[in-house]
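Below, in structure tokens: the form predicted alone, a single chain.
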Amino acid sequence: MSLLIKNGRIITATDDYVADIHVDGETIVAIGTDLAAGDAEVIDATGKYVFPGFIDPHVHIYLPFMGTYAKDNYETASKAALVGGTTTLIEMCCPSRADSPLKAFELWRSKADGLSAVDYSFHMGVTRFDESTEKELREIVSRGIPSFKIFLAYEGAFGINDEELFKTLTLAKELGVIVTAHCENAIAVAQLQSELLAAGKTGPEFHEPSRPETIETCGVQHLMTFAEVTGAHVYVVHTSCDPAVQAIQAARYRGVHAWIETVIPYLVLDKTFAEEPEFEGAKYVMSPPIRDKRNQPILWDAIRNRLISTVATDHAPFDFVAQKSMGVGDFTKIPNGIPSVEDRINLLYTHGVVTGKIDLNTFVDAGSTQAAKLFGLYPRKGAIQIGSDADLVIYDPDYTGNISQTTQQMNVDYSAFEGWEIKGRPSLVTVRGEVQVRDGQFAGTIGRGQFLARKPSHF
């Protein structure tokens, strides 16, 4: 397949210019002005932006959690991602402590192979560390997964102890693996949950007080200490608040190799949403929780200054009626997650670029390029360069519309952003040169996506 995208305003993490892009097969073969079409399909991008395909480095698609399973599969999730401009997903592979890491990796990958419409990879969850798991982790890295995921939360399920944390980081340093980390304190959370429930405070509005900013920050500081001692490279996922950002910045000042991710719900929602009556607040339960609104300007400033590297989603879709309702009368039983893989880029553009909080280059950097660089995909992904994969998003800044569960691709019975206006959306999206979205609708091939084997780069 050959495509010629004419007269688009090309925006990368550093550049902004008008040019044509010639795609032959799966890659970009020429960038310039007045390029000849030949037998290529010509796409007029006049008045539109052309971005590199966006990368969501933190999603959950296949997820056994809290006695149930996330609702999306790779067909629904990848279609949703594409309609929202995301062409690559990196999923968290999260086995329980009793599971074999290698078997878990093979299971998670089997859920995507042949079904995904986007390219995909995984972060390998380390939920215990012993001699057998170390051997399997080495094998998984050799198969193209140079990133781990650890939980300093969910004791007895996903969480690891300090000895396991130290050994995981030591192995990661040896292998050049970056360790992504959920930072809280499982014991402190459990104690606060017990106290709140004992006091009759059972609704979703008490989820945030059970996991306050101080506990998230404590987890961050704990991770930073271990990273400093071992020399491992770490990436703090879903950072929600100012004190946690400050703790990571302080560690960087000491020489710790640390990067920060935030997620779109923290930028546009605040804890009052989880306080909505009639159990509606359960729609907004995730961990760490959405915070006091005072944190939002700080997070936006940190993105603008590129202190926060990436804006992801932590997409974890659970139905409100049949799944979130498991927590009626006990907020600790509400499956955690806010479905947002379809909405991330449009919300980031509408609430970030349109309002002047971030510029277009930073928008691309946080939504695509930094994830590609951190996780071993650049410049194949996250770039518009000759030789890069032709993952391209033609974005219409003049479009206006509204988010609704009735029109979304995500397989979940509600939208956390129901009725919200968006200003701009992808009008055409390609994955390795094949058009997968036209006029905001999926028009591609299920199974087009490929597994992305990556190499270690964090030595």
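A quick note: this is a predicted structure, and the numbers were derived from the prediction, not measured. Position 1 is the first residue in the sequence shown; the rest follow in order.
Below: the form predicted in complex with a small molecule, not depicted.
Student: Of Asn336, Thr76, Ser325, Thr170, which residue is found within 4.5 angstroms of the small molecule in the predicted bound form when only non-hydrogen atoms are counted?
Tutor: Checked against the cut-off, the match is Asn336.
Student: Tell me, which of Tyr414, Tyr62, Trp420, Phe65 has a heavy atom within 4.5 angstroms of the small molecule in the predicted bound form?
Tutor: Only one listed residue qualifies here, and that residue is Phe65.
Student: Could you tell me which of 159-167, 128-136, 280-288, 368-376 sits within 4.5 Å of the small molecule in the predicted bound form, going by non-hydrogen atoms?
Tutor: Only one stretch qualifies here: 280-288.
Student: Taking the small molecule as it sits in the predicted bound form, is His233 in contact with it (heavy atom to heavy atom, 4.5 Å or less)?
Tutor: Output for His233 is no: heavy atoms all beyond 4.5 Å of the small molecule.
Student: At 4.5 Å between heavy atoms, is Lys71 in contact with the small molecule in the predicted bound form?
Tutor: No, Lys71 sits far enough from the small molecule in the predicted bound form that none of its heavy atoms falls within 4.5 Å.
Student: Would Glu91 show up as a contact with the small molecule in the predicted bound form if we use heavy atoms at 4.5 Å?
Tutor: Flag for Glu91 set to no.
Student: Do Lys149 and the small molecule share at least one heavy atom pair within 4.5 Å in the predicted bound form?
Tutor: Residue-level check for Lys149: yes, a contact with the small molecule.
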